[in-house]
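Here you get one chain, nothing else, as structure tokens; it is the form predicted alone.
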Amino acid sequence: MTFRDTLLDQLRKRDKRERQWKEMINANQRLLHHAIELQKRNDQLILYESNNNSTHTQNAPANQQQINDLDRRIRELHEERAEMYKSQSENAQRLVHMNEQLRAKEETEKQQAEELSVETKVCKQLLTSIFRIKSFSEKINALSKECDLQAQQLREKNIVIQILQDELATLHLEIVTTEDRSKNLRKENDQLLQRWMNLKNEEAEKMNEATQFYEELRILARNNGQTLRQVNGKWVMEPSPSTTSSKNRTPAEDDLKRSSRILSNILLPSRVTKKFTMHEGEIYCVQASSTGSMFATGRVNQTLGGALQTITSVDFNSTDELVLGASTDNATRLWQLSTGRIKHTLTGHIGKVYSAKFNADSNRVVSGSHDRTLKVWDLQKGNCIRTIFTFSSCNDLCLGDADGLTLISGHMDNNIRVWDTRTGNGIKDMTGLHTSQITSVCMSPGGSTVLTNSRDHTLKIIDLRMYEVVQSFQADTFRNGINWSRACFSPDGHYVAAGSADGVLHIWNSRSGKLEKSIEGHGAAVCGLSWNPSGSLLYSADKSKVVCMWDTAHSDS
């Protein structure tokens, strides 16, 4: 209740108290007005009597009676006035007395109101206490019921425990018996495993001896200018048709031929030269060989013999004698192209391996995995010589130099990292280049910049000397639709190529950043591109098992 409501309530109470004297005061006022009127009439009669004395004298007998009546009336009025004055004084006295009584009653009512307020507060407190007591009583009753229920459950659980203890004793006896049987089975298993390992070692030794024998024969044939060929299950050395021409070339001519492998002017294609449907499953990657004489693809669920799952990355060594495949079965494998047999299986990652590369001498391999590690492998020993722990899953990697001493990796956390493989320490962590995960990294032919491709639908060239972005590429029609989509440089470094989610190839000028061409050729998202080293052919692969070959050495005319 506000102070306005309180004031209005007090005024209403006062009006109610004062209104009971209203009739008495009004009656007193009426009597007073009536007395004043009578006084005026009396004065008028006296004046009238004085003015008519002479007339009264003449008509004394006739008017005597009237005069007597008037005198009597005057006396009555005087008496009535006196009574009224008396009544007025009595009423005034009574009014004063009643005002005093009213003040006393107001004080009494005020005291009673204060006492009532105190009693109200006390009553409220008592009611609150009663409610709390009632609530506590209900809680006590509920707790009592719960305690009874818990006691009942405790008794039931004691019975169950006793039953379980009996069962436990029985199971313990069975466990002892089973352990004895398990020990015997372990012994038998160890014996079988040892026999199996011995058998596999014997098979591996025989395979290594066969491989070594074949390598020795191949080296001997090459030194003698002959080729090795299998005839009726036997290896036969025959003269090579190119021996004579190769013997007649001078070293200067060989150097000239090697230097002329890269075209002086790479042309941009406008249509597909040739299409291949490669596999039964979708393609994951494509890579041109180091000499440009072949290309390889990887697909889902076994692409090369020996892989148990998807081949995620393919790489050739510098002589095209070996091919390297990273797989989602946590292993990296090397195949001998001449025999199609596995030469090494590199195991050590605990997650899917997404990328692997040879160094220039083909004596080492680096691999990047979903398990947030990079590993350096010694192919002579066949084991891991360095493990680098990264902060995010590695989607792709490339070598910063021919020896593989510097490594550049692209990660799922949108960052590019540069590593020293000799120490395993990070050289540079480049953040904020992209707003989504990196799908590929590719070293430029000059070795001073690296190309990145990202799911934010942009490509960027980074200067590895200043660690700054020197060029960015994007287009309204370009959308990177795959987490493993690979982009690449042209062999002369003038162009950058990448495939879009709608199957369109995009080629930009690496210096100006201008989109030179966008070419339709695929019906599904492009997963990778690879330019052969001479620059004469560009290979592209999509998820729908199609590989396109683009002629970049000749114009359409």
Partner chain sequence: MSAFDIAISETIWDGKLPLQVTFHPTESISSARTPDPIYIEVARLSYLSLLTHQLHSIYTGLGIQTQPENVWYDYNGEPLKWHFPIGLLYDLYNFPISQVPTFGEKASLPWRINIHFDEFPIDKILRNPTLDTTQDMFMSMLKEADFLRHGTTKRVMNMSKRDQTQLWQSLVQGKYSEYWSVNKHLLENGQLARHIPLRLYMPYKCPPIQELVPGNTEEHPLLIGDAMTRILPDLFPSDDQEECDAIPVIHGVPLPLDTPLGWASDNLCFADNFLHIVISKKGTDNGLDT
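Note that the rigid core is defined as the largest set of C-alphas that superpose within 1.5 Å between two forms. Here the structure is a predicted model, which is why all the values come from computation and not from measurement. Positions refer to the first chain, counted from 1.
What follows is about the form predicted in complex with its partner chain, which we do not show.
- When its partner chain is considered in the predicted bound form, only one residue from Arg511, Lys517, Arg41, His33 comes within 4.5 Å through any heavy atom, namely His33.
- Not displayed here, its partner chain is approached by Gln10 to within 4.5 Å at the level of heavy atoms in the predicted bound form.
- Its partner chain in the predicted bound form is not approached by Asn51, whose heavy atoms all lie more than 4.5 angstroms from it.
- Taking the partner from the other structure, its partner chain in the predicted bound form has a heavy atom within 4.5 Å of a heavy atom of Asn28.
- For its partner chain in the predicted bound form, the listed stretch (500-508, 525-533, 33-41, 65-73) containing residues with heavy atoms inside 4.5 Å is 33-41.
- After superposing the rigid core, the C-alpha of Ser518 moves by less than 2 Å between the shown form and the other one.
- Relative to the superposed rigid core, the position of the CA of Asn509 differs between the shown form and the other one by less than 2 Å.
- Core-superposed comparison between the shown form and the other one: CA of Ser490 displaced by less than 2 Å.
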